[in-house]
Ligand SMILES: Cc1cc2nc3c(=O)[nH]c(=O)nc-3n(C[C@H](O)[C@H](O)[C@H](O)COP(=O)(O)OP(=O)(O)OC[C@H]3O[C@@H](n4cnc5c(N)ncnc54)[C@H](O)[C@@H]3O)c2cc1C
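Presented as structure tokens, the chain that follows is alone, the form predicted alone.
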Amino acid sequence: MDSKCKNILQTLLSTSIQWDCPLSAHTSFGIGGPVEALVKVMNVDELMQVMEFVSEHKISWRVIGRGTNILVNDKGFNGLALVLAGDFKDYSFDEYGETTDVKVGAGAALSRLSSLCIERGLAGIEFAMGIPGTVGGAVLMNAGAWGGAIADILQGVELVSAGNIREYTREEVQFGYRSFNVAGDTQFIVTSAVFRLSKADPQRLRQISMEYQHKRKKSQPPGRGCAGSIFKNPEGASAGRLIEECGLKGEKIGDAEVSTQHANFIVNKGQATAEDVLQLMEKIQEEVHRKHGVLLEPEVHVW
């Protein structure tokens, strides 16, 4: 962007833009070069103005959320990294007999939402306890664990694109394994979602949540220094098991290592680069394909 574009963009926002901001400090992997502009938007009006601006000026953009499940190129990203803050972290609860609709902003932490609902005795989202990332990212990925998924509880979603804001019902969206789609639009941002939950005993929900967290801590590395599952599970199989059967636990390229706890995680041991991770991912894909005839599909998003 030239200086004129930069000045115009800043006038659309109530917070200061961080220019040439290193994304390694904003991702769970701790990897990534600078983004041209790290932009924090506080409400839907600001977001719509920014989306119109980037559309008009043909500027690339991504939503960074909490920086999980992404791998940023070592050279960085030439465009905008959008952070949903302010109003995008709000919650509201509407009771309907034995069910409650929870409307939550896309910038809210998914694990925090799960914890809050458990304390209120609302069942259906306890599977998300311990899953990093935001509600918006969870919707786009149809995040799930322990037999539950976002698709099971979603009632509606609000999407913003350039010059347009629209609410969709559950019947109007298409969920797949780690995927979300709406007809006729590909350049949109999830701004809020409504989840329908049922009343339950908070103590029982806390017990279930603790069991899930114990299993997660026992089988998976801590969140910092990794980006969650690297590959999607092939139909009828476990990516982690296929990788482990290839003897790749502990395999390293540079400072990137296949986790010794869970083979479908790659860990930054300190100074790993994006290129280290990408080369290790390619090696895993080659070995799994050679041994099992399965081509693993990345779950992590590469910028």
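All residue numbers are counted from 1 along the displayed sequence. Computed from a predicted structure; not experimentally measured.
Keep in mind the form predicted in complex with the named molecule is missing from the figure; the text below concerns it.
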Worksheet item: From the list Q220, S209, N233, N73, which entry has a heavy atom within 4.5 Å of the named molecule in the predicted bound form?
Response: Q220
Practice prompt. Would you kindly say which of A162, A85, A145, V182 lies with a heavy atom within 4.5 Å of the named molecule in the predicted bound form?
Written response: A145
Discussion item. Would you classify G32 as touching the named molecule in the predicted bound form, given a 4.5 Å non-hydrogen atom cut-off?
Written reply: no
Practice prompt. Look up in the predicted bound form whether F265 has a non-hydrogen atom within 4.5 angstroms of the named molecule, and give yes or no.
Written response: yes
Practice prompt. Give a yes or no for G124: in the predicted bound form, does one of its heavy atoms lie within 4.5 Å of a heavy atom belonging to the named molecule?
Written response: no
Worksheet item: Using 4.5 Å between non-hydrogen atoms, is R66 touching the named molecule in the predicted bound form?
Response: yes
Fill in: Every residue of A138, M141 and G228 near the named molecule in the predicted bound form, heavy atom within 4.5 Å
yes
Item to complete: Name the stretch, out of 90-98, 73-81, 189-197, 114-122, where some heavy atom lies within 4.5 Å of the named molecule in the predicted bound form.
Response: 189-197
Practice prompt. Within 4.5 Å of the named molecule in the predicted bound form, which residues of 108-136 have a heavy atom? Give them in sequence order, or say none.
Written response: I131, P132, G133, T134, G136
